[in-house]
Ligand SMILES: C[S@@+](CC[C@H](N)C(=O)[O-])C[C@H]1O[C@@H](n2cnc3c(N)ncnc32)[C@H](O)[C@@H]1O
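In structure tokens, the next block holds one chain alone, the form predicted on its own.
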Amino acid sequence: MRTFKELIASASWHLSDRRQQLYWSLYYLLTDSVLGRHWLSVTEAGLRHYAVGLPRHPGFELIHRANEFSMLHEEVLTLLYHLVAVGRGRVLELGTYIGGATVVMAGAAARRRRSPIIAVEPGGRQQHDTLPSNDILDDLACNLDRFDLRQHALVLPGKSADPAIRQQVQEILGKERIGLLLIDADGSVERDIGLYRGLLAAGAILVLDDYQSSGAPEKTVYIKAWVDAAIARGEVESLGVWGWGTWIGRYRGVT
């Protein structure tokens, strides 16, 4: 049986072109609302439909502009917007780089009046082929300021494995839990999930970049191995592979 969200999605294909804009406006209004948060479940089919309507998305300009300095595909940025809008816990990003995804998630948090996202980034410099940075933390701050989103992202300079960083994350959370964990760092997802597993909410969404990537094969080996093994043992449920090879799934817990 299809979910309510999937039934809504299927309705769009039977509408005339001139009614498409109205459909998408109502669809995004409902899907990203408080009602959507409590009544519409996150499924792979629902996510795929959500991404299709990007040109009509109310956050299209934000997503499109952030995509210019993002290491993630525009499709993934679109889904991050949605997952922040409907998420029930806090957002933790490990490896922000210069903030493409950070800006999108902070923008969604601001528009939906969610708590600021927590972003961990060690900084330094990176001689990337297309998106180099001589000062990662400074570029990150500039990008957040450019979109007037500094107050919607708590940036913690440091490495995810540093005990002091984990302690800061735990103190910020208090009694809250992480509902969305995005990892785009050094490929050691088993380490990071092990460190932050105890802070995850039930059914938390995991977004792991480089599950498939010809540009970072050394990271892909470890990430894909962990994901595939976690699926096999029932620890996570897959919600698909997106963009340039970013995996999205739901955390089920250690069995």
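Keep in mind it's a predicted model, so treat the numbers as computed, not measured. In this text, residue numbers run from 1 along the sequence as written.
Another form, the form predicted together with the named molecule, is not on view; read the next lines as being about it.
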*Contact test in the model of the complex: residue 219 vs the named molecule, heavy atoms, 4.5 Å*: yes
*How about residue 112: is it within 4.5 Å of the named molecule in the model of the complex, going by heavy atoms?*
no
*Heavy atom to heavy atom, is residue 75 within 4.5 Å of the named molecule in the model of the complex?*
no
*asked:* Whether residue 139 contacts the named molecule in the model of the complex should be assessed with a 4.5 Å heavy atom distance threshold; does it?
replied: no
*Counting only heavy atoms and a 4.5 Å cut-off, does the named molecule in the model of the complex sit next to every one of 97, 122 and 191?*
yes
*Name the stretch: of 84-92, 158-166, 139-147, 173-181, exactly one has residues whose heavy atoms fall within 4.5 Å of the named molecule in the model of the complex.*
158-166
*Residues from 53-89 in contact with the named molecule (non-hydrogen atom within 4.5 Å) in the model of the complex*: 69, 70, 71, 72
